[in-house]
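So this first bit is one chain, no partners, the form predicted on its own, shown in structure tokens.
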Amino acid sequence: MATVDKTIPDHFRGILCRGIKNYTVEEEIAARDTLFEGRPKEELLPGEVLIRVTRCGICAGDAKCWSGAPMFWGDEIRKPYVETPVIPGHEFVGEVIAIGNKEEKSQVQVGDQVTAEQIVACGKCLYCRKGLRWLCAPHDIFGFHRCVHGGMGQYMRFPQNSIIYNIPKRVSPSEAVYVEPLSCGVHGAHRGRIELGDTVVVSGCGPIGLGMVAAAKLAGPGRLIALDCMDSRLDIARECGADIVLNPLKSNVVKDIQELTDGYGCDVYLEATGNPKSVEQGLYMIRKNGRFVEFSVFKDKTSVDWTIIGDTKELDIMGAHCSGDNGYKVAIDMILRRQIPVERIVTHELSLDNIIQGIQYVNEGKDSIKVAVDPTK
């Protein structure tokens, strides 16, 4: 049995991903087949939550998935990750309209504004047992696997293992949709192990990169530097806490950083562009025994002189994925405390009908930062 909003329709409107560059608006997606895995809608399992989606962001990963990036569709080494047809979207916020009853009190109530971690961890695999749920082996991320349809539709279901967060309603849906990318930025900055006085460089001032800037500032670096090829984004990076902003199209940023650090280079380099040139740039810019964090989805392969990492500089190279252990909590708190200018970062809110335009905005990156769809339109 479940506490259910009786207005839940048998069909709803949403986006279906059917393949590379094949995202379509569907007027009658069957709720029973997608949200409820073949069960009647009155049969939410204990711990499951149904929401009416109010916003869903278009991630750079979503846009590169649409474009055909091998990490989503496979190559000679990797198997395809996406299961089609699937409703995309892992950056979502919505209102609770149904709760699977439990004997104990639910963590959320009907009417709450909520989001959930983008990955629904199994709790059983090696990584989950080690406390690394964001690396869970089955890796059920909302919007890519059919057991966890995403937020680019009017409704979505949080399965039993979902980690759900209540977002106070003084945070608007337009702001709350930024929680997921900000949580990723928080995790990326944390992976850099920033110490007081460090010179930290963030390369790429998109949604995650700006989150990294704001999160890195809270760690107390001696000098925080943001890099981007668009001056408009660098202006926002200043608002996020950057002390210095540099445009690689206008100056030799490797030389600039070396001059600022008496020839040593930066202590921490946070890469958030997904551009191979930024990776190479970072390896030349970072000091010996520095910490390089990679948090991007790449469309193209990257080739660098691997000698720099080992025999030349003895670098610590770290990846970052999803939101880590505490990213969502910190992100929500940062937004509540107005520690990041969300209103400058969420630049576009489109209807579901304009999904392809939204993906193009993200892929082009010229006039947008965070692009979201509003299923209520």
Partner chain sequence: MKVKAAVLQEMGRPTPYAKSKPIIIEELELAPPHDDEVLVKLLYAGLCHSDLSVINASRPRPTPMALGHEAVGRIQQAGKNVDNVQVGDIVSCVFVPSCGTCDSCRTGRPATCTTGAKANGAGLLLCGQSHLSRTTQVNKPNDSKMIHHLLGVAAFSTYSVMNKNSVVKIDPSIPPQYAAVFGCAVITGVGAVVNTAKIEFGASVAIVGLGGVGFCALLGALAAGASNIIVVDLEQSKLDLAKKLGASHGVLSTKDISLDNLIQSVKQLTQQGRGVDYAFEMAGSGPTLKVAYGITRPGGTTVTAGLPHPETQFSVSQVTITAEERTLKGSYLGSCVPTRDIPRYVQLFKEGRLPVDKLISGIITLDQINEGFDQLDQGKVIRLLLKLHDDEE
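Not measured: the values here are computed from a predicted model. Residue numbers count along the first chain shown, from 1.
FYI, the form predicted in complex with its partner chain isn't displayed, but the following is about it.
Undergrad: Quick check on this chain: which one of 140, 112, 175, 198 has a heavy atom within 4.5 Å of its partner chain in the predicted bound form?
TA: When its partner chain is considered in the predicted bound form, the option within 4.5 Å is 198.
Undergrad: Using a 4.5 Å heavy atom cut-off, which residue among 290, 181, 153, 221 comes into contact with its partner chain in the predicted bound form?
TA: For this set of options, the contacting one is 221.
Undergrad: Please determine whether residue 69 contacts its partner chain in the predicted bound form, using a 4.5 Å cut-off between heavy atoms.
TA: No, residue 69 stays farther than 4.5 Å from its partner chain in the predicted bound form.
Undergrad: In the predicted bound form, does residue 329 come within 4.5 Å of its partner chain, counting heavy atoms only?
TA: Residue-level check for residue 329: yes, a contact with its partner chain.
Undergrad: Can you tell me whether residue 337 touches its partner chain? I mean in the predicted bound form, with a 4.5 angstroms heavy atom cut-off.
TA: Yes, residue 337 is a contact residue.
Undergrad: Within 4.5 Å, heavy atoms only: does residue 186 come near its partner chain in the predicted bound form?
TA: Residue 186: contacts its partner chain in the predicted bound form.
Undergrad: Is its partner chain in the predicted bound form close enough to 190, 215 and 333 that every residue in that trio has a heavy atom within 4.5 angstroms of it?
TA: Yes, the whole trio is in contact, each within 4.5 Å by some heavy atom.
Undergrad: Want to guess which of 221-229, 200-208, 85-93, 141-149 is within 4.5 Å of its partner chain in the predicted bound form, heavy atoms only?
TA: After filtering at 4.5 Å, what remains is 221-229.
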